[in-house]
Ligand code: NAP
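To begin, one chain is listed below as structure tokens, in the form predicted alone.
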């Protein structure tokens, strides 16, 4: 029986973890809720870069590394690919397909924070759905703007920003209410590809609200790449690595 290390981060990773037996390890960075109802082992915390991860792989006798981290966690994905190569084991990755703009969408791709701030200048009531990153820039909010920032947990804002703590999946009726109450005139989003957060894009389309989309990073090459959980589970079943 091979032993696998599953690097979590996206919702789909938990679905995979639920099929794993006690010999496997589900690894989380520690952001968000930690599941307590799994049969597999759960590890929380970092590894100290690629070398630390490679040492963990060797110490634990890991034979397959599965990267199911967020599409924007480029450094973690690079560390995973490098550590697997250093350890002489295969690295697989579950990578969500990106959202594609539809008729009626007004998407404007930005590469980094500086480009985003420049693109924000014409707007007054932005809704940020980038996680915690905007918290580092609250002192930069111009006087004519008021930011609404949605993250997994509530954090302190200021007189120019309110932080909402909320976890998906989100329903479209609640998103419509959020846009209406706060008079959102621009949405800022990563292209995460998650159905749990897609309703915000539908509401932006309905209301004619532009979307500033943070460009996806280029991720490390791996031995096998999957787009769907079912594809991963089928491949794992071939290796006798799931209980399902």
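Positions refer to the first chain, counted from 1. These numbers were taken from a predicted model, which means no experiment stands behind them.
Keep in mind the form predicted in complex with this ligand is missing from the figure; the text below concerns it.
J.: Heavy atoms, 4.5 Å, this ligand in the predicted complex: which of 115-123, 75-83, 167-175, 137-145 makes the cut? Say which one.
T.: Comparing against this ligand in the predicted complex, the contact stretch is 75-83.
J.: Which listed residue (64, 211, 28, 54) meets the criterion of a heavy atom within 4.5 Å of this ligand in the predicted complex?
T.: The option sitting close enough to the partner is 28.
J.: Is residue 220 close enough to this ligand in the predicted complex to count, meaning some heavy atom within 4.5 Å?
T.: So residue 220 does not count as contacting this ligand.
J.: Is there a non-hydrogen atom of residue 35 within 4.5 angstroms of a non-hydrogen atom of this ligand in the predicted complex?
T.: Heavy-atom contact with this ligand at 4.5 Å: absent for residue 35.
J.: Just checking whether residue 4 would be counted as a contact of this ligand in the predicted complex - the rule being heavy atoms within 4.5 angstroms.
T.: No.
J.: Can you tell me if residue 47 lies within 4.5 angstroms of this ligand in the predicted complex, counting non-hydrogen atoms only?
T.: Yes, contact at 4.5 Å.
J.: What residues in 80-116 sit within 4.5 Å of this ligand in the predicted complex, counting heavy atoms only?
T.: Heavy-atom contacts within 4.5 Å come from no residue here.
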